[in-house]
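This document opens with one chain alone, in structure tokens, the form predicted on its own.
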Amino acid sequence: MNETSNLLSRLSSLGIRLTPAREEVVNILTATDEHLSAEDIFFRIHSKDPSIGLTTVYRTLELFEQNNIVTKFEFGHGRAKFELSEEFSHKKHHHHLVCTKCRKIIDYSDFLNEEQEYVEKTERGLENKYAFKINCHIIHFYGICGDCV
């Protein structure tokens, strides 16, 4: 089953009505590896179907976030960015490298063994110190990309 079919099936199983706008948002999210803002998604939809408004896109993304279909990120650019959650994406767990100059976002998933061991050790330490069960983590590194140096 491809990402789009998997996602549409999940929406149906959750009792979420599959409106044309929701299907378009799904199509856009599954067709790209980019981190898109609601406005980015709206402009892509609007060129195909001008009857779908920005408010509808925002509501759809909010619904998808509440149901763990998308993950919302704040990278400090003034606009939240969205990507499909790991369950519905071909991407595996990754971190982000964020260029503070051009705002490019690079997915980083080719972790070294030492990096993975360090993060796992940090998680275990935090769990023990604070009696807190960690389910996941998000790491963003900010700097200047190779194109902007």
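Throughout, we count residues from 1 along the sequence that is shown. The shown structure was predicted, so the numbers you read here are calculated from the model rather than taken from an experiment. Heads up, when I say rigid core I mean the largest set of C-alphas that superpose within 1.5 Å between the two forms.
As for the form predicted together with another copy of the chain, it is not shown, yet the points below apply to it.
Of the residues 106, 54, 28, 63, just one reaches another copy of the chain in the predicted bound form with a heavy atom at 4.5 Å or closer; this is 106. Only one segment in the set 81 to 89, 54 to 62, 94 to 102, 40 to 48 has any non-hydrogen atom within 4.5 angstroms of another copy of the chain in the predicted bound form, and it is 94 to 102.
Within 4.5 Å of some heavy atom of another copy of the chain in the predicted bound form lies at least one heavy atom of residue 125.
Within 4.5 Å of some heavy atom of another copy of the chain in the predicted bound form lies at least one heavy atom of residue 133. Contact annotation: residue 129 falls within 4.5 Å of another copy of the chain in the predicted bound form, judged by heavy atom distances. Using a 4.5 Å cutoff between non-hydrogen atoms, residue 34 does not count as a contact of another copy of the chain in the predicted bound form. Contact residues in stretch 70 to 94 (any heavy atom within 4.5 Å of another copy of the chain, taken in the predicted bound form) are 74, 76, 77, 78.
Comparing the forms between this form and the one not shown, the C-alpha position of residue 124 differs by 2 angstroms or more, with the core used for superposition.
Here residue 34 does not count as shifted, since its C-alpha moves by less than 2 Å between this form and the one not shown after the core is aligned. With the core held fixed, residue 66 shows a CA shift below 2 Å between this form and the one not shown.
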